[in-house]
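Next up: the same protein chain in two forms, each one alone, written as structure tokens (structure 1, then structure 2).
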Structure 1
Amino acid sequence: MKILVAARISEEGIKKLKEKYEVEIMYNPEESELVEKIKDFDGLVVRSKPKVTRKVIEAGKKLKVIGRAGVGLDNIDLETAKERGIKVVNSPNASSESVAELVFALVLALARKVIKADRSLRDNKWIKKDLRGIELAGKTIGIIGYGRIGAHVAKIGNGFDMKSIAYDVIINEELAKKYGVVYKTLDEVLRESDIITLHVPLLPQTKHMIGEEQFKMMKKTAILVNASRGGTIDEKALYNALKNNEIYGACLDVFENEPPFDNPLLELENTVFTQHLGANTNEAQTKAGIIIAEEIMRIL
């Protein structure tokens, strides 16, 4: 059997696949290239790119499994895969720690004005009086989407002596009890939280789930974090909320359109941004490659 690895995964993952299959590597091909190539392969490995469209899947006459090294599946046409009996697998456990740690890296950078302090010092400016920050201790962190990553956020929050509340469409009382998390309605989470962090997939029901109405519910001192999926926040509404100081600030690792070079949010000071780095650690990528290789082996 043959596996096409169409995105960069860890060497450990590739090595594991090579133990059983013939493996070919073709990083980030265009749709036309992938359509031409996929016809001879039994398995396909991708990350957030390339897109696995209907054309690609229909061209994969021998295709039995598509593996996404990571969490989100929004770059794969799941409906067409299901129609053709092709299994789609991912590695959701690989990046839980990395994403949760990034949430706190972003929050601390904003709360303690780390970016402004670093930039000013490099410009030979000592502006200590302008850099008063806020503590996390005693604050309430609201976790929207309390699954694997959300649980790690709560775990870390406990170390900062924070109170954790959560909203999810699926209630897992055992997981909540493990980290002292209390379930609330979405409106309650928005109103009561000092830090609000999103950990939801991008679905029709989560598209722009945080918009103008939701910003009006938040505290003026609230910090909003998104290290899940771009599109879950209405970025125009976020811009207005930040511009008008309706909330304290926002930390974004993801955007509706990436890279977001023409995004007006980049002009604002009460923000911290990263380049979709949630799973971008050595440890997470090693785990993702190994897990997706094992999942493909299980299916085949």
Structure 2
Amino acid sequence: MKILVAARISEEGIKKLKEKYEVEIMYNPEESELVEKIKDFDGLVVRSKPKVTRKVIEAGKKLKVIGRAGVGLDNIDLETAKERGIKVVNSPNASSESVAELVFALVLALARKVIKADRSLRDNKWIKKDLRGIELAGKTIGIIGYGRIGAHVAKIGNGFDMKSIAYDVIINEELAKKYGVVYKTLDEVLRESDIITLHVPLLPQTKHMIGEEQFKMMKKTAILVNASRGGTIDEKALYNALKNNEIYGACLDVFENEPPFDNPLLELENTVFTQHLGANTNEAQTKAGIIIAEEIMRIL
């Protein structure tokens, strides 16, 4: 059987596929190239690109499985795949640890003023009195969306001697017990947390779930973290909350529009930003390739 790898996945993943299948690599083809190529293949591997449209799927006469290395299936026409009995698989577990670790990298950077300390020292300034930070031990971390990543956040939080509370639409008592997490309502999480971190998918129900009203409930000392999807926070309301010092600060890995050039948030001081780097580690990328190869083998 033949697999077309149409996006850059880890060498380990490709090696695994080659153990069982004939593998051809064609990184990020145009739709017309993919339509032409796909007819001979039993499996297709993509990432967030290329787009797997109806045209591509219908041209895949032998196609049985589409593997998306990573999370999110928005580039794949799932309806057409379902109509034609083609299975779609992904690797949502591959990056959970990496994303959770980035949450703490961001929180510590903001809480200990790491960026300001680094920048001022490079300017030959020794300004210790302006660089007093906040300790994490004993603080409450509020996890909104207690799924795969949320659970890893709670696990790491335990290492910092933090108390974890969570809000989720699905209650998983076993997972909560595992890391000593207590479920609360959204309002309680917003009111009681020192650090609030979002780990929900972007859905109509989660779009702008943190807006003006929610910022009013937060502690003045709260730090808000978003490493989920940009649209979950109303960025205008966040800008106002930060500008008016309604909260201590915000750490963002994701934005409503990426890259967020010209975003007014980038002008604010009480913030730390990264460039949608949650899953951008050697380990997460290696795992994503291996998991997708295993998933394809399982289907075929």
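Numbering for residues begins at 1 and runs along the sequence of structure 1. Only residues modelled in both forms are compared. The model shown is predicted, which means the values in this text are computed figures rather than measured ones. Heads up, when I say rigid core I mean the largest set of C-alphas that superpose within 1.5 Å between the two forms.
It is structure 2 that shows the chain in the form predicted in complex with ligand NAD.
Looking at Asp253, Asp194, Ala284, Val65, the entry at the hinge of the rigid-part motion between structures 1 and 2 is Ala284, while the rest lie more than 12 positions from any hinge. Treated as two rigid bodies, the chain shows a rotation of the smaller part against the larger of 13° between structures 1 and 2, based on C-alpha superposition. Once the core is aligned between structures 1 and 2, the alpha carbon position of Val23 differs by 4.0 Å; this is the C-alpha shift at that site.
Core-superposed comparison between structures 1 and 2: residues with C-alpha shifts of 2 Å or more form runs of three or more at 1 to 8, 14 to 68, 72 to 89, 293 to 300.
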